[in-house]
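Next up is one chain by itself, shown in structure tokens, the form predicted alone.
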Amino acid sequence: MDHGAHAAVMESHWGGGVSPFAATWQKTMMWIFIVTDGLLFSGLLCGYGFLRMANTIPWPKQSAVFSIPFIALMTFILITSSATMGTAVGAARLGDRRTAVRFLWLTILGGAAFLGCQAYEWTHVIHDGARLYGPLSGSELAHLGVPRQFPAAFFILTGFHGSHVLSGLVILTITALRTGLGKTPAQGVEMAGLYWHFVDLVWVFIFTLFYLV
């Protein structure tokens, strides 16, 4: 393709039309939101990394505080829900409304199971003495020598992500109900899927950087 033809193609994509690169304004806005929210999570993870590296007290071994197999199970549940979400999007594109609704509800079930596991994890960590301002004096975490910033990083990172999972479940529930009534087009299911895949991807980074590294 010569330079003139390439310029013509780019002009057709970005020449002021309402759908640059065949993306509707709704999908474009969703991508802008995902990018900005991704930057916010990146800032939180970078802040966590800075706290960990700058802390004079050694960071605790994660397996001493958390059940890593249980966290891995949570991760598996969320990744599986991402797969069911992809199936729902594919079915919606093909016009198979019944299959789309079924896999939307399976995705909701997976997300609810993940939140239930996270609530159990929070209960366990709080019982061990974790507080937002640090470990309780005389608690199990205090005996492990957990630095004050560790519980705060845990609650902020996992809590902020959990709020995204909860909002995603609300969005998916509304999408499933409206899809069942034939009121949500395939693009609506796809945009809900974009958000859910983003939530799943963020958790993979949190799982890797906070629980494993």
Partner chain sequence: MSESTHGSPYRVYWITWAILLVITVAMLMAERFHMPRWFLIVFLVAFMMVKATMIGGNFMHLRFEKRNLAVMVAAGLLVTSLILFAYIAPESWSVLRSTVR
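Positions refer to the first chain, counted from 1. This structure is a prediction, so every number in the text was calculated from the model and none was measured.
Not on display, but discussed next: the form predicted in complex with its partner chain.
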When the contact criterion is heavy atoms within 4.5 Å, does A83 count as touching its partner chain in the model of the complex?
yes
Considering non-hydrogen atoms and a 4.5 Å limit, does its partner chain approach I79 in the model of the complex?
yes
Taking its partner chain as it sits in the model of the complex, is F114 in contact with it (heavy atom to heavy atom, 4.5 Å or less)?
no
With the cut-off set at 4.5 Å between non-hydrogen atoms, does A119 touch its partner chain in the model of the complex?
no
Which of these residues, I174, I32, L144, L166, gets a heavy atom within 4.5 Å of its partner chain in the model of the complex?
I32
Check each residue of 97 to 125 against its partner chain in the model of the complex and list those with a heavy atom within 4.5 Å, in sequence order.
T99, F103
